[in-house]
Every structure is written in C-alpha cells, then in structure tokens.
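Next up: a single chain in structure tokens, the form predicted alone.
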C-alpha cells in the first residue's frame, strides 16, 4: 500500500528538547557517563502529602471518568488560587478546564482559536511547542525578538511591524522558557494595548510563575484593564509542584470561549486522570512550604551555575530572573548551537539544548536546566569547561 501521511504532520518538526533527552537516555542505557542538563524536569520528588492523596484516591476506587471540566473540588481550588495569587477571578463551573498537562491545554486552545492562514505572534527565544501547535491548526508563527533589555517602547514598535490583519493570537510566556526572563508591567501593557487596539486574543503561559527570584513579582496579563475578556491563562502543577509525570494542567478564560475549548477537550482526552485530580487538590490546598523550598534551592543552584559558566573562556551567562534554565551565550566557541550541542554530548557526555531550537534569537546560546542536583551541575559545568577550553585550543595546535 502507499504510505501516506497528512502534510500538516509530515512537515512538522519533532520536539528538539524531547529529542535531546531521548538521545541522552539512549547513551546512558548503553553505558556512557551522561550528565543530562537538557530537560525541564524537577529533580525533587513530588511532595509526600500530594502523593498520599493520589494513593488514597486509588484505594478508594476513584479511578473512573470525571466531568470533562474537572472535579468540582479542583476547579474551586484553581479558582481560589487564581483570585488570591493572580488577582483574576473565574467561575469554577464555567470558566476553567482541567487537562492532562499544560501542553494539551495549549494544543486545545490552538485548535479552538485558529483557522488556516491565521497568524500567531511569538516572542523569541520561545518554547519549542508554540509554533508546532499553531501549525497543526493551519496557522503560522510570526516572531518578535524579546530580550531582557527590550523596553516597552521597543516592544510596541516591534509589535506594530509584526501585526497584520491575519493576526489572531499573541502568546506571552512569563517567566520565559528558555531565558528565564520575567516580564515587566510595562512590557505586558504594550502587548495588552496591541491586543485591545487590534481585537486579538492573548494566551498567557504562566507555568513557571512560582519560580521567580530576587524579589521580582509575577504579573498576570489577564488582570490588566480590558484584558480579562480576551485572555486565556494557562498554568499547571508540573514545575511548581514537581509533578511533570502526573500530567495536570489547566486553562481559564471567558465562559463563551472556554465552552468552545471544552468541545475539543471532550473529543480528544475526555478528562484528566481522576486520581491525579485528587492529588492536584492536595497540591493547591495543602502546605506550600515544599514549593518554597524548591525555589530557594533553585536560586542557590542558579547562582552557582551562572558563576561557574562565567569562568569559562568565551562563555557569557546572565542570571535568569525566573524558571530553572540558564541560557549562556556560546557563539565565541565558533560553532552553531546545534554543533556545540552535538559535539559536547559526543565528547563529554553532557546533554544541553541548542538555543536555535527556540528561534533565530536563540542562536548562539544553549539551554541548561538547573533542575538537577548540585553534584550533576558541578560535574556538568566542569565537563563543559574542559570541552570549551580544548575546542578553543584546537586551532592553535593544528
């Protein structure tokens, strides 16, 4: 038979971050000594009270379908969290959907909002799955560069150049993956003004909101004047509560739009896992000291990692403001980010993610996750230093 694949899938690139993690695991399984700094997976176990809630649900036989939106207790807990921590209020029965992961929420939103030919504004460097989710809906990504030193006025000018009559959606990610940048009120207002002036939806990916350092504050764009009505707020428990494998995310927005997303959700995944939802209730309503401990540890790791990277000749790394990624500039090594990544893994067994995977603005960088043990980070930076020193010395010895 003729093996045919849909063009929208055939032309889609795989996830670079997943690809690097998978290759590192294959090498480790083959006996190589691998330091994997590529993935955004907390090395902390899930808090005991969260795990215990899931086990209790299993023993109670709470293992069947739930309402598609999510169980009432969890919807209420999410609604309260958003009101208290983010200053945005949602009706738990009409304006929130629980889904199996934040990525699924992104995919569902793209399917519900985008038509073929629509355009989505992305601020690069940006997470690798935004553009593919838009492309699977027939839309295309339009990139706007975003850096720590980008002012609100710079952003307004860049948005004015990028917006067209086909622009349907703007995606904002703060704190940012891969740079760790935390958006300011002025930067968010520039996006809000553009969305209001041109009648555009905004999707706010706030999955890293609890992981912020140095006294900075997270601001939800949905809380800005006029933005609640046109914003979808996406979040989850993977990063804040070390629950990546539990696959639990949620999305909140105006009831009319959430009702449309619900149809896509019902026809794709039906509902999030029942016992995982019970665990999520415990995570949101229970003590938060475990998350606070993780943030303190991440900040200490960040400080040590950035200091170590900045001792390597030709490497420059700014301290990330949030999330748990460092994004050092490695262009002085004379390799593209993909070449650097591949050769580092081959020569030293260190897995990082090429900056070019996050858009053109990420080229010349690599992403390192400090959601790893102190020992792994020390070993990884020592190997990176050895690799860079030998790489820079190689031309002189030829």
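All values reported here derive from a predicted model rather than from experimental measurement. Positions refer to the first chain, counted from 1.
A second form of this protein, the form predicted together with glutamic acid, is not displayed here; the remarks below concern that form.
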**Study point:** 127, 239 and 367 all contacting glutamic acid in the predicted bound form, non-hydrogen atom within 4.5 Å
**Key:** yes
**Study point:** Close approach of residue 21 to glutamic acid in the predicted bound form, 4.5 Å, heavy atom
**Key:** yes
Review point. Given that the partner is absent here, does residue 327 sit within 4.5 Å of glutamic acid in the predicted bound form, heavy atoms only?
Key: no
Exercise for review: May I ask you to check whether residue 183 falls inside a 4.5 Å heavy atom distance of glutamic acid in the predicted bound form?
Suggested key: no
Review point. Wondering, does residue 277 line up within 4.5 Å of glutamic acid in the predicted bound form on heavy atoms?
Key: no
**Study point:** Segment assignment from 65-73, 37-45, 50-58, 335-343: heavy atom within 4.5 Å of glutamic acid in the predicted bound form
**Key:** 37-45
Check your understanding: Among 168, 297, 103, 230, which has at least one heavy atom within 4.5 Å of glutamic acid in the predicted bound form?
Key -> 103
Exercise for review: Within 4.5 Å of glutamic acid in the predicted bound form, which residues of 173-208 have a heavy atom? Give them in sequence order, or say none.
Suggested key: 177, 208
